[in-house]
Ligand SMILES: Cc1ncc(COP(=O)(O)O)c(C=O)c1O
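A lone chain, given as structure tokens: the form predicted alone.
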Amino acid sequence: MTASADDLKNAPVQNGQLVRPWQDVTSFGQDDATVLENSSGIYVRDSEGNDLIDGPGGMWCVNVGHGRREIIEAVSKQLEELPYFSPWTMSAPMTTKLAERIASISPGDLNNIFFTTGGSTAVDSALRFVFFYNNCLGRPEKKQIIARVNGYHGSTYLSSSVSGKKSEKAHMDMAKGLTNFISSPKPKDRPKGMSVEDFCDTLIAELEAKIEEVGADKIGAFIAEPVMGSGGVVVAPDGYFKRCYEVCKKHDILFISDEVVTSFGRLGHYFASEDVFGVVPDMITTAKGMTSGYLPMGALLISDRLIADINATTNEYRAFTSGFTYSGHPASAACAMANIDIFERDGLLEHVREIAPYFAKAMNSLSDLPVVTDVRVLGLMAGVECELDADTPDEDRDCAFTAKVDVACQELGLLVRPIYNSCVMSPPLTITKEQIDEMVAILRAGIIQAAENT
């Protein structure tokens, strides 16, 4: 029953309330979100005084851990010196230094750093640059994007339009006629009896077929995460990412590597595209671990080649008319610089590469639980897939189950991020072997408890 104007006029005045991302608007005021009040290292503390392992690392982002005084002091110092500048007409030493530093650790010729406010705006900027690039080259029809089912690239209009998590789009509008989706490269979902190698061949053939269907002269870019994060930590077959890149190069299609999750140490390197997957893309998007979540910031890395291609077309004015009030914000830049200092001083990349096999073994030990039907791990990110009845798939049932696991684990001292029917872990990179054991033991107990209560 819809409220009348008089009903609304006479309704009691209510206090304002926070609207959280992805919140059910029909339950405002009814759901009780956990309130966090303090944090240190890999732990957070809720408003009731409970210490919890931060299993998701915030949102894949608190890479150097909580409570780093170096970052806090660097940001405070920058705010005292210069809290803001207009990125349209000015710059600041800290922002320029950060751009140079990121270029120095980026793969290949990705030396042009465009700062954004986060991952979504970095992807949005990458897509807009694809359009800009092809307009400058006199190819206004080359604008189609190829993306993957269950890929996630953000929540702006453009970035959400190339995201393939279809269940989250039911009540939202997307850009029509822009995106062409191909299959998720999740090995578990391959046809029964098919080898992983044959599955990879099938995926590459599908990409080629999609290019043939749409027309290479109409496709501007292919966008992909090296590891699908919000799709449930989907680790593609060996060689898949590089083969996709080679297909794109053959057809003159720009390759965008969305490293919002996988960059800054999650897989043991500043950027995973080249060091892990053997690819130097045309563009990389990054955010999250760049500041370890202490302040919002993202970046789009653009190759020298693309800039040279534009410059070769004309000497006339060519402005990339995109940007944000807080592009290159000096406090965020100081945060990122201090963050990278910690990586270098503490040898965090080396630590991740050293401890990753232990993390993988610990996570895979959960495979003996009857409801666990797949464990996917790379670097320090993992997805533990649960199905109450593998012979009778039921997404709603199994998603409800992982939500129960989340509740049970929190009561036991661990934050879990349930994504679909997977329990996702991406802890701070500072985690030790002993802390991994504690985290996995709680996750095991939470899964068992949820199963017993189902």
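The first residue of the shown sequence is 1; numbering continues from there. In this text, all values refer to a predicted model and were calculated from it rather than measured experimentally.
As for the form predicted together with the named molecule, it is not shown, yet the points below apply to it.
Which single stretch, out of 209-217, 96-104, 150-158, 131-139, brings residue heavy atoms within 4.5 Å of the named molecule in the model of the complex? Careful reading of the contacts points to 150-158.
Indicate whether Lys288 is a 4.5 Å heavy atom neighbour of the named molecule in the model of the complex. Residue-level check for Lys288: yes, a contact with the named molecule.
Whether Gly265 contacts the named molecule in the model of the complex should be assessed with a 4.5 Å heavy atom distance threshold; does it? Gly265: no contact with the named molecule in the model of the complex.
Closest heavy atom of Val384 to the named molecule in the model of the complex, within 4.5 Å or not? Val384: no contact with the named molecule in the model of the complex.
Can you check whether Gly118 is within 4.5 Å of the named molecule in the model of the complex, heavy atom basis? Yes, Gly118 sits close enough to the named molecule in the model of the complex that at least one of its heavy atoms falls within 4.5 Å.
Counting any non-hydrogen atom inside 4.5 Å, which residue from Val261, Ala336, Ala272, Leu110 sits next to the named molecule in the model of the complex? Contact residue from the list: Val261.
Residue (of Ser327, Ser230, Ser303, Thr179) lying close to the named molecule in the model of the complex, criterion heavy atoms within 4.5 Å: Answer to the contact question: Ser230.
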